[in-house]
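Given as structure tokens, the chain that follows is alone and in the form predicted on its own.
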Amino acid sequence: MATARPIRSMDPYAEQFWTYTLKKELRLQKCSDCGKFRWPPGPTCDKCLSEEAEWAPVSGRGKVLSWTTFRRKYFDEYPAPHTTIVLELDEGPLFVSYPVDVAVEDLRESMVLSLRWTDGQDKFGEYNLPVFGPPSA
């Protein structure tokens, strides 16, 4: 049984994203006309206004831009303290996740982290959650 997590927000775009995570594929919506990644996904490209898009794989590497530690519990599934990070993926989009295998006091701006997966489950079913840790040696 997968780890209980807060209930995901679900719409057709999110559903597509989570379907890929079941295969441990991190894919983001990408404009088919200009190539800009759209994250969060949406119906039109904010660069060229195209409605054409595909779900393209990303490298799974990114640089830490910021992080914050919540000292108050917001979800039973994430007891305090709980740290979240904002990464700039190699492909450009900003991605919110949480760090694994790195101590909060060791986080640094521009630190490179790589994709890992952890399990999750909510009322929509089981899924894999993209999280980020130090690159493997």
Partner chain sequence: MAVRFDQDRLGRLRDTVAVVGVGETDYGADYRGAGGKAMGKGEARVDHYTLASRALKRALDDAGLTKDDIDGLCTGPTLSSERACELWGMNPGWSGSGDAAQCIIEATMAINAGLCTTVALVYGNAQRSMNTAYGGARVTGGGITSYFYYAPWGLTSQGALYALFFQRHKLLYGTTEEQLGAIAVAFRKHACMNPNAVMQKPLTIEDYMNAPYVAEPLRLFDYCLINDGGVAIIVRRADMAKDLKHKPVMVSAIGWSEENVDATQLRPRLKDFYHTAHHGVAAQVYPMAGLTPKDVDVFATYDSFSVHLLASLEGFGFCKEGEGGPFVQDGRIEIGGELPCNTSGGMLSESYMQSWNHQPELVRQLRGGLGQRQVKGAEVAQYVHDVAGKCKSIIYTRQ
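Model, not experiment: these values are computed from the prediction. Residue numbers count along the first chain shown, from 1.
Heads up, the form predicted in complex with the partner chain isn't pictured, but that's what we're talking about next.
Contact annotation: of the candidates 100, 112, 65, 56, the single residue with a non-hydrogen atom within 4.5 angstroms of the partner chain in the predicted bound form is 65.
Put simply, residue 90 is far from the partner chain in the predicted bound form: not one heavy atom of it is within 4.5 Å. Not displayed here, the partner chain is approached by residue 84 to within 4.5 Å at the level of heavy atoms in the predicted bound form.
Although the partner is absent here, residue 49 is not a contact residue: none of its heavy atoms lies within 4.5 angstroms of the partner chain in the predicted bound form. Using a 4.5 angstroms threshold between heavy atoms, residue 6 counts as touching the partner chain in the predicted bound form. Site residues 2, 23 and 133 are none of them in contact with the partner chain in the predicted bound form, judged by any heavy atom within 4.5 Å. Residues 66, 67, 68, 69, 70, 71, 72, 74, 75, 78, 82, 84, 86 are the ones in 66-87 with at least one heavy atom within 4.5 Å of the partner chain in the predicted bound form, listed in sequence order.
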